[in-house]
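Below, in structure tokens: the form predicted alone, a single chain.
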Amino acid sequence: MTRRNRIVSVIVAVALAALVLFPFLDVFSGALVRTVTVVVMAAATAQAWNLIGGYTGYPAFGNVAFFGVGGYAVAILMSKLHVDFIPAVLAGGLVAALYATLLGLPILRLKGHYFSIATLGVAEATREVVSNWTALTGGGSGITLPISPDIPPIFNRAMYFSMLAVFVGSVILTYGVTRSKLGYGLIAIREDEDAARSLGINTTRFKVTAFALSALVTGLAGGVYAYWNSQLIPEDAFSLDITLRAILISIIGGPGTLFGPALGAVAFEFMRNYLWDNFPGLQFTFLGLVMVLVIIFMPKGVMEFLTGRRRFTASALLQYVRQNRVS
């Protein structure tokens, strides 16, 4: 192992140990456990989006459809068929992956903004179907999941570890993909799809596989969220904010990187809470400004600076201004 790989391995091990141990420390409240659970869920959905948006280069705006499908699959299995939590969550992830496979065959033939609009339309259409299928989903009133017999602190801790397992699994999955023929093919598609096709890569199969894997992770996160929330309604399960947050987190952390979504989730949630507390009414303005600066000066996110591939200096800022100055 190189020195950098050893350092990264140590940092990852320490971070994982801290995530595992902190819920058991008395100094941390239950509210903090719930907050960190939300951050971990955001990191998991961002890691899922990273597979199709970061590595494949297809900016999907409809991943929330898989979040909702996974959540409703768990809700239906647990409330109507009395399936246990873990098998229900696994089934919810598989249902979301199957749904993505069926959708991916036609819509992944589109490119650019056409693909983005198509995925957004699919998410809205899925929400409408769920909202009007009253006999199965409860319609607009939603569906109530069985109440856990555990006391709230233990239940919140169990949901935290469930969401953490989804996130760690998504990182392992992404690592395996990037070290495989599939990962190399996805990167080739991102860089030049026509050239990749001319080299013999089955671009449709590779893209559909990435889309299904992205949906699998998103559906697992949606399933854990459904049981944790105990009440699932279409407005929450198919909220566009879930997809937008995943995209923003990936952009901040670094699209197409292994640990970018995790760093982006921490940075985004810290920044969002800070702006909400200190600049009420102007938080969206400042958040938008930060995102513009990140896209201009850190097109590959925070990971680009942490790996030393880009340095943010005053001279770099002046050089950018000179190059883009309107004469």
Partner chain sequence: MPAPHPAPGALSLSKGVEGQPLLVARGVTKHFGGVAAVEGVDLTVAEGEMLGLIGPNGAGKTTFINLLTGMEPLTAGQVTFRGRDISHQAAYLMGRMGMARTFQVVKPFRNLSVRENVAVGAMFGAGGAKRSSRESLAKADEVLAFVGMDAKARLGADQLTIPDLKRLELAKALAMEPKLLMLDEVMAGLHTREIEAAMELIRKVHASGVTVLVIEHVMKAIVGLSQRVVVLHYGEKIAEGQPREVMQNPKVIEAYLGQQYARRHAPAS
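Positions refer to the first chain, counted from 1. Given the structure is predicted, the values throughout are model-derived calculations rather than measurements.
Only in words, not in the display: the form predicted in complex with the partner chain, which the text now covers.
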property	result
Residues 181, 196 and 199 all lining the partner chain in the model of the complex, heavy atom within 4.5 Å	yes
In the model of the complex, segment of 72 to 80, 173 to 181, 242 to 250, 87 to 95 with a heavy atom within 4.5 Å of the partner chain	173 to 181
Sole residue of 234, 185, 104, 255 within 4.5 Å of the partner chain in the model of the complex, by heavy atom	185
The unique member of 228, 206, 99, 115 whose heavy atoms fall within 4.5 Å of the partner chain in the model of the complex	206
In the model of the complex, residue 192 touching the partner chain (heavy atom, 4.5 Å)	yes
